[in-house]
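Alright, two takes on the same chain below, each alone as structure tokens: structure 1 and structure 2.
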Structure 1
């Protein structure tokens, strides 16, 4: 007698090891899983709501400074180490994991104007109001040794900023002029000027490392090539630029934090029109720093808040503020792109999550998958009105909120006037200038 029976290949249903997930046979027939869009929409809605529920970006406040924090620097090799300079000339080195100050140096008399680390991470440079440039060892002095800088350079004028080359032993300072120094020398290799105003900040390009940009009080942004004796070109804006920051992933792109509450992202090849104008701050933007991924940047403003902007969006995706945080003077995005640090007037350094609702710590694979899925859903349904409303909702301090309203009214009035002017003038005599072009005065080569 022949017995008929079902036979299956065990490979199809038996897992190889105990650690493997059980194989779950699934039928993906779409008719069995109807209402894809509504179901995903609900999921997206829930994800968005949960995002807002878990949005708790503030991590820690590093206090210890006895004056406003004027500058911040990241350690190039260690994620946990952060350096900060205060308005009383004190420099502190912090350990972020312990959230403690590990070292304090009285570096300057008067403000510490600028601080930067050497690309190898063994030493750092500071400039201060006392017209000196000092190089310090990253590690603390040994037992019984005195806290002394490695080198001290006495300058003729006050230095307002410093930045180190990303690969070579060269650094640049700015004040009356941009000086490029060899670490081994006490006099600059070359100094470049274009105009006579004080230069507030100088930054090396992290990719095209010979390039550097500076911004001066006479409202211009000047680009230099280190290998040349003269500056490359400059762009003059409506108002003064406080800082610039290069995009670490796109060599040509930099963003300027301006006094007119806006940030301008420029392509250095075409300075006459900024790539994007980022508007949301309601007061002067004091500092800007790119995320190491180059997709976003964070800006610190005099309006006591920091904002995170996507590079290609003109509006911020996030705003951070606390009651106690005063005018934010400096801001840095950590090298792992997860955290943001900001130093403010009221002597604190604050640590924020770059992604407000992100879960810290190690994620299991399923958690990660869920996170990715939710992120994708939010992206997919971001234009739907309810989701958009929930995702955009932020609480703002009253001062900022009212300022926003006020400025909206002002902007509207200006626009209306422009439209009226256009309407009542001879056709062709008046043209509406786009927001991007409006703020650029001139480009000089």
Structure 2
């Protein structure tokens, strides 16, 4: 004889304490919930609207410099410490939690062209217009001591950039050539050059640490191998590249900030075609920095705005600007992936949220659950026209907005001209060049 029994586990419906929420049994059979999708759509729409309502990315302005901020550097061990160099030769060290300057150094005469920290965080290096490379202690001088550098190297030419090796006591400078230095020596270990123009920036690869890339004013991006002490290969673009930044998660990928308003993401194994062309800025892109996750990067432009791009998308997901912010010269993404810092012409360093509508501070478990649920809803309905329009909409300054319209007209005119030329030419005589390949002149090995 078969006996059917009802089996109930009290854990499924009894609260542990009075403060817990009542557990409600649910039947997830779709036939019982015919309005589930419309209900979720309304929730997704409301979540998208609320995201735009709460999008207040600007956090703080660090003022104190007496000239434009020319370069920024992050502390490798401390999230709260940031270093900045200005156009009057002054270097300041900031505490982001207190939002105050904790130390000021008159490092150089003329511009501070570059600043970088040692991988252990005990010291940092600066280069300036006075042809010197200086190493400074990260901690301030003791009572009664003078502010003096640990080492000073006097060079023959002006250095325009500096970067430190990620694991060894080696750093690289650039100017007329790329020099590799040992910290204990006053002359470079090796000097590498390819061409005769001045080099504006040099960057070590954070994963394959013996690789470094540089960009020169003759429109080249050159890759070097420190072990061979020779250049590997170079790619020549239509216009000059201002700086490059390596992806911290993918060893072969780097992004170049160009004068033609675009950013180009390259795979160093195939330089003849960029992986992605990122277009949204309306003036020269001056700096770029990756998020520690390697999924996004932030770019600073002469058009007085900064933009956040996903690595695999050609358009930016976010644009930040203020009325007072002038040409943005340098930008950095903090090591916890939550904040962005930018230094601009009008002597300020600004702190922004990487996710504009993110709530700061400790979240309760219910807040976290609601946030995750809303995020999933937004992803589910992201291609719906109404939700897509609200999520994409950004208010822009009039100058940027009018330039975008103007460039759109010019781009459409060029496309129309290409189509007409193709239509009225002999078949095969006019080739179609993709947007990716248009801006690459040559690859030299």
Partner chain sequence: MSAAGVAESLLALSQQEELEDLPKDYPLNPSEDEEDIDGERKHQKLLEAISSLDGNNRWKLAERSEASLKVSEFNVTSEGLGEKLVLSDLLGPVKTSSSLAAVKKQLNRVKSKKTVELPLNKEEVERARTPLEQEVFNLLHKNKQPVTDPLLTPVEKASLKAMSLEEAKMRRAELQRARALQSYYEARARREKKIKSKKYRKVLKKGKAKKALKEFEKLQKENPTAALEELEKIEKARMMERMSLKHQNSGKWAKSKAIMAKYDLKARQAMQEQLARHKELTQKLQAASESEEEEGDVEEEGELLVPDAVNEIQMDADGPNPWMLRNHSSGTKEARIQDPEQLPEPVAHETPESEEEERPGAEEEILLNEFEERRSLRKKAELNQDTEPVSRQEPKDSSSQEVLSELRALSQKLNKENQSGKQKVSSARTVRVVQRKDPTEEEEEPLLLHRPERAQTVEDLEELGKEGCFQNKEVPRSVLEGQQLERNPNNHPGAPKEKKKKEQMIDLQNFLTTKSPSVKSLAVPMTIEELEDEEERDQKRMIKEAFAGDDVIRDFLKEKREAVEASKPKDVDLTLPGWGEWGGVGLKPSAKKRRRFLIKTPEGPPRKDKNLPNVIINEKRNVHAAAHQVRVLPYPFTHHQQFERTIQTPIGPTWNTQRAFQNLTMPKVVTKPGHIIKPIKAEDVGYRSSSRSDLSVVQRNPKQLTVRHKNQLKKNSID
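Under this definition, the rigid core comprises the largest set of C-alpha atoms superposing within 1.5 Å between the forms. Residue numbers count along the first chain shown, from 1. Quantities reported herein were computed from a predicted structural model and do not represent experimental measurements.
Each structure shows the same chain on its own, and structure 2 is the form predicted alone. Put the two forms on the same core and the Cα of residue 26 is off by 2 Å or more between structures 1 and 2. The Cα shift for residue 435 between structures 1 and 2, taken after rigid core superposition, is smaller than 2 angstroms. Comparison between structures 1 and 2 places the CA of residue 10 3.9 angstrom away from its other position, after core fitting.
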